[in-house]
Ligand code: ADP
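To begin, one chain is listed below as structure tokens, in the form predicted alone.
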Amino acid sequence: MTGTRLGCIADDFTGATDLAGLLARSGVRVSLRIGMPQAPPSDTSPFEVIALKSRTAPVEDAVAQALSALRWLQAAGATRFFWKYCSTFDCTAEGNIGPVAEALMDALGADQTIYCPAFPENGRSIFMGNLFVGQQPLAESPMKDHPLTPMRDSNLMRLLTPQVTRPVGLIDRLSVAKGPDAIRAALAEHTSQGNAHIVVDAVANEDLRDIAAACRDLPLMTGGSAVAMPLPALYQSDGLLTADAPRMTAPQTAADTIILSGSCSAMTNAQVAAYRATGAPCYQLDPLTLVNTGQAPVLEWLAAQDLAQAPLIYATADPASVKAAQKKLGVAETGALIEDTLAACALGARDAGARRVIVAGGETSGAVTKALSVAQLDIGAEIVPGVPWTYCKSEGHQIALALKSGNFGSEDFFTRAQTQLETP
């Protein structure tokens, strides 16, 4: 069969590449659309992912964007859909995870869906409805201090209930461990009880395979990227996807590189420190300085750099420094200042010859892809779980682009990304 099999909607750009990268492990071509496509579907891939920038948008805007993306994916031929959010369930008390899911359910005529943000390869697990980051409950992890979506509760049912209008239920680890038939039976029992939104425990990849097997016929699944990873193989076994489905061939790119980091997560702080220790050229952005000097100093510094040395420009800072800047400048103003500056750096580096761009942080990734006028990405091999190299055109130039969620990767990520770029 040809055409799009699974249509995916992600609430930020790094989350979209995370999902696309795991689907691409199957070898089947995955296409990622940056923002809402402006043209009707054509030359679509078996797996289409639309990356929205809606995680912290007003609820009404997030819902409208998701429904628009759904209509485009339906026109592309998709009959099954996936709503992707962060594996740390990043949200506010109002949403947008629950309201978007409920709106998609209504549009699809679905009376039930699941919520499974687990990603065991990256230390995200769910047990008895509680989300863990490594061995820490979510509310005790560094996510408690996230500048936009501080997570102060670890229980997904308590987080989800205020966001939706229909009852929330749980399929716990004891049921999941019994396999797909038990999961399907538990979903049926929840249906009989009127529970529409079902949190599902998962602590290992085996759990995710069983959950995907049980839920693959649902019109809508929701979660982190990992629960979608088994779907290509399941679709092949169901005859929905042929063995000769289109596959990705990586284009060749010049080696000059720029690294841009706007994330202030604990892991990205460690990654910046590790890269600085290599002796590579680095420039730190301070929003309190930027507001007075503008972008000229960093752009002048960038123009003087040898891009073969892969310079790093970063606004990554510890939580106290972030809060101090936000208190003086405002939360939104601080974020916009950094995003605009890193976007300008991406343009400056591209025009100076950079053909490999590594970006850390969801908001930063959105700003950079917009600045580079990227509308579509083809997904290549993963650098680390959840972070693939992707390929696009910008002003006629072939660009390799890595968009990293702040929490993902090991401390040597920036170096590893450069050494692991696939070649044709």
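Don't overthink the numbering: it's just position in the shown sequence, from 1. Note that the rigid core is defined as the largest set of C-alphas that superpose within 1.5 Å between two forms. Source: prediction; values computed, not measured.
In what follows, reference is made to the form predicted together with the ligand, a form of this protein that is not presented.
**Q** Report yes if any heavy atom of Gly335 sits within 4.5 Å of a heavy atom of the ligand in the predicted complex; otherwise report no.
**A** Yes - in the predicted complex, heavy atoms of Gly335 and the ligand come within 4.5 Å of each other.
**Q** Considering only heavy atoms, tell me if Gly362 and the ligand come within 4.5 Å of each other in the predicted complex.
**A** Output for Gly362 is yes: heavy atoms within 4.5 Å of the ligand.
**Q** Is Asn96 close enough to the ligand in the predicted complex to count, meaning some heavy atom within 4.5 Å?
**A** Close contact is absent here: in the predicted complex, Asn96 is far from the ligand, nothing within 4.5 Å, heavy atoms only.
**Q** Just checking whether Pro287 would be counted as a contact of the ligand in the predicted complex - the rule being heavy atoms within 4.5 angstroms.
**A** So Pro287 counts as contacting the ligand.
**Q** Taking Ser263, Ala317 and Val322 as a possible spot, do all three reach the ligand in the predicted complex with a heavy atom inside 4.5 Å?
**A** All of them do, each having a heavy atom within 4.5 Å of the partner.
**Q** Pick from 299-307, 336-344, 208-216, 113-121: which stretch has a heavy atom within 4.5 Å of the ligand in the predicted complex?
**A** Contact criterion met by 336-344 only.
**Q** Just give me the residues of 393-411, first to last, that have a heavy atom within 4.5 Å of the ligand in the predicted complex.
**A** Stretch hits, in order: Ser405, Gly406.
**Q** Take the rigid core as the frame of reference and indicate whether the C-alpha of Tyr314 shifts by 2 Å or more between the shown form and the other one.
**A** Yes.
**Q** After superposition on the rigid core, does the Cα atom of Asp340 shift by at least 2 Å between the shown form and the other one?
**A** Yes; that C-alpha moves by at least 2 Å between the shown form and the other one.
**Q** By the 2 angstroms cut-off, has the C-alpha of Thr14 moved between the shown form and the other one once the rigid core is superposed?
**A** No; that C-alpha moves by less than 2 Å between the shown form and the other one.
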